[in-house]
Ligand SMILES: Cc1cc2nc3c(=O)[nH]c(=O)nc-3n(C[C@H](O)[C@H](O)[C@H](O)COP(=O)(O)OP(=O)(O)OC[C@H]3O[C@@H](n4cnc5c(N)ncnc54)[C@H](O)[C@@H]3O)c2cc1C
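The chain below stands alone and is given in C-alpha cells; this is the form predicted on its own.
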C-alpha cells in the first residue's frame, strides 16, 4: 500500500472540494469493503482518500413527492430493515441474497453502484481491460466469469454491481454532486454505467470531484410487480454468475409493459428489450417466461470458456418473471 492523505469531510460540498485536489487522483471511502483490498494491492493508488461516512445527509431513506431518496451510505442491513423500502421487493431480495455479515453491515448502496470489476486480470494489475503489451489476456486466457454481452470491444469484464439491475428495472436515478460544490444533477441510472474503450476510462460517468449522494426510486405502484433472481456458485462473499431483475406492469393478468435487466453478464447492467417484446400482451406462464428467457440470450456472444453463462442468464430471467408473477417463492 502506498502512502496517501486522509480527509474526513462533514458535508457534501466539503467532500467535493477535497476530491478535486491532486488533479483528481483521489478515492472515496464509504463502507470500505472493497477499497481497502484495492489499496493494499496497489490496484488503485490515490494521493488522497476522502472518507464520506460522517456526512449525515448521505444516510437514511427520505420520502419525496414522487418516490424515495436512498442515501449512498445506506447499508444492506438498512435496506433489509427500512419500512419504506419493503415495497421495493427486488431491492430487498438483492440485499437478502448477500450472506456475508461484514458486507451486510458495512457495504453501502452507493459503494455497490461504484464497484470496480471483480475480473481477476484487473485485480492482479493488468488494468480494467485485462491487457498485456496491447493484447487481451481475457480473450486468449481464462474467461469463464466474463461477459457474454457487450464484449466485442476491449472490455470483457462484467459489471460488479449487485443492485444496479434491480434499480434500473425500477427506473431509478442517481443524484450526483460536483465537480463544483453547488453542482447537482439527477441521472437515470442506466446512463451512469459505461463500457471503457481504453484503460484510462472508468466504469461510470463520474468525473474527478463528483460523488453519488443518493438513489431515487419512483413511488411503488401496486399494479407493477417486481422480482430478482440470482444464480450463485457459492454463498457468502461469492458473486452471482448471472442475475436478472424485472418490473412488470400488468392489467387483468396481461403484461402491458416490463423492464428486464440482467446483471453480471456484461460490462454494464444489460437491459433486454427483446425479452420484453415477447411478453407484452401475454400472461406470464411457464411457457412465456421461458420464451422471454430465450429471447434475452438469443444475441449472446460468449467467450471461449463461458458459454455456460448463457443458460444461467436464461434461467435467471425465467425465474425472476415467475417470481414476479407469484409462481415462485420470494
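Keep in mind that this is a model prediction, so the values were computed, not measured. Residue numbers count along the first chain shown, from 1.
The form predicted together with this ligand exists for this protein as well; it is not shown, and the discussion that follows is about that form.
Report the residue, out of 55, 291, 35, 43, that has at least one non-hydrogen atom within 4.5 angstroms of this ligand in the predicted complex.
For this set of options, the contacting one is 35.
I need to confirm a contact call. Of 255, 116, 92, 220, which residue comes within 4.5 Å of this ligand in the predicted complex, counting heavy atoms only?
None of the others qualify; the residue that does is 116.
What I'd like checked is whether 72, 107 and 110 together line this ligand in the predicted complex, meaning each has a non-hydrogen atom within 4.5 Å of it.
Contact check passed for all of 72, 107 and 110.
With heavy atoms only and a cut-off of 4.5 Å, decide whether residue 28 touches this ligand in the predicted complex.
Yes, contact at 4.5 Å.
Answer yes if any heavy atom of residue 239 is within 4.5 Å of a heavy atom of this ligand in the predicted complex; otherwise answer no.
Contact check for residue 239: yes, within 4.5 Å of this ligand in the predicted complex.
Would you classify residue 155 as touching this ligand in the predicted complex, given a 4.5 Å non-hydrogen atom cut-off?
Looking in the predicted complex, residue contacts with this ligand do not include residue 155, since no heavy atom lies within 4.5 Å.
Verify the contact flag for residue 174: yes if a non-hydrogen atom of it lies within 4.5 Å of a non-hydrogen atom of this ligand in the predicted complex, no if not.
The answer is no: residue 174 has no heavy atom within 4.5 Å of this ligand.
Heavy atom contact within 4.5 Å of this ligand in the predicted complex, the stretch among 206 to 214, 255 to 263, 127 to 135, 79 to 87
Contact criterion met by 206 to 214 only.
For the stretch 159 to 179, return the residues whose heavy atoms include at least one within 4.5 Å of this ligand in the predicted complex, in the order they occur.
Contacts from 159 to 179: just 162.
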